[in-house]
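Take a look at this single chain in structure tokens; it is the form predicted on its own.
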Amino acid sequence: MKILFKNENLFNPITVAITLIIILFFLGNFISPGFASPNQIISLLIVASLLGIISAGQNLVILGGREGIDLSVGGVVSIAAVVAGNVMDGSNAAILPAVAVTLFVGGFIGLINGIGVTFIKIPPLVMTLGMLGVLQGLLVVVRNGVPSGNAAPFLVHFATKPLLNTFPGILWLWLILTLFLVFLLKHTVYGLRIYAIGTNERAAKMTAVPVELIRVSLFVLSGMFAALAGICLLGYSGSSFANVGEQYILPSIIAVVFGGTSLAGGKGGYVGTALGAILLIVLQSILITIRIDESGRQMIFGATLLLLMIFYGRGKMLRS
């Protein structure tokens, strides 16, 4: 029994993720000295935070079961960056209104997704893929391929510079969101109900859990997290550009699955997802260092997702 317990700990997704992150940093430093320097680690964590925030919403949708997935997050990130950039337009005074409007837009898109999946019974994959197409078309119509809007100076500083002589503000934001999600999922009735509907929706209904309301709310939260990531991405890049969020669609799913969340729903958590985001960004950085082009990186990420689906997606032993 003790040996079995040790093996389960050894193959726990969080343990695996931490181990692989350390190995990749050593590998990266061997390939390119200075890869694991403090400044470089901070830079990688900033990029990982963007993926981690997007993956937070993806994590919630997948936990809710019914083969839940949100492919529209990339479009929401792109739209959010445009909306936030145009509302604030380089003014610190307009940051709060820009954040409020952008989160509303993201939540509204998530609401439409949730209604389509929950009440119209459109499969999540189809509904969110269709929404992604709508958002992509909207971006073309609204912007006509021309960048518009600028980040406020404070937002740029928040995303890229140390806050109060510590870490960049975006990393503090990610830490707060991580603690919030851990508390939400493990210590609230709402969180327990998410696991309940993800594990057995019929049984959850029999215990008076408002399944439809919770499932819609998960898509709303996914849209809001993607919108928040779009705001942060605007601060990181300084301005918005076409389809900036599409690069995060596949990685956001991989991060969730690698973190030990079952694609069937009902099992998993956000800590593993956050570590999965860090792992993917470090891996991506190494691939860039050895000059693997974008198409090659996408092939590697796609193959990684397939492997993770085999070993993590429905495997009981590796679920967190």
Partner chain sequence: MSLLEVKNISKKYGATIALNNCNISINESEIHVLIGSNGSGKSTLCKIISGSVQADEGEIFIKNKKKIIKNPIDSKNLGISTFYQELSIANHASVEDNVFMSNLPSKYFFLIDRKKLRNSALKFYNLFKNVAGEDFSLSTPVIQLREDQRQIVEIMKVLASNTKIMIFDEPTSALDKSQVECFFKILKNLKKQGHSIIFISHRMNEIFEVGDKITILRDAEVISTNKLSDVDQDTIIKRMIGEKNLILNLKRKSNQIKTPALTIRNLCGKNFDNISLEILKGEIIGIGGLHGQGQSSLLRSIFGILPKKSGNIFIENKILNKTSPRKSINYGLSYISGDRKRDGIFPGRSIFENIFPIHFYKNKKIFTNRNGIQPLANNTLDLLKTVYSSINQEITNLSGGNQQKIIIARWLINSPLILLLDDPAKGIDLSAKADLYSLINQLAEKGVSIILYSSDDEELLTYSDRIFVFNNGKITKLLEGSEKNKYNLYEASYDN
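Positions refer to the first chain, counted from 1. This one's a predicted model, so the numbers in the text were calculated from it and none came from an experiment.
Although it is not shown, the form predicted in complex with the partner chain is what the next lines describe.
In short, of 35-43, 22-30, 51-59, 265-273 it is 265-273 that has heavy atoms within 4.5 Å of the partner chain in the predicted bound form. With the partner omitted from this view, the residue of 244, 181, 204, 152 that lies near the partner chain in the predicted bound form is 204 [heavy atom within 4.5 Å]. Three-residue candidate spot 192, 199 and 210; every residue lies within 4.5 angstroms of the partner chain in the predicted bound form by at least one non-hydrogen atom.
Looking at residue 161, you'd find every heavy atom of it more than 4.5 angstroms from the partner chain in the predicted bound form. Mapping the unseen interface onto this chain, residue 188 counts among the residues with a heavy atom inside 4.5 Å of the partner chain in the predicted bound form. Using a 4.5 Å cut-off on any heavy atom, none of the residues of 99-126 reaches the partner chain in the predicted bound form.
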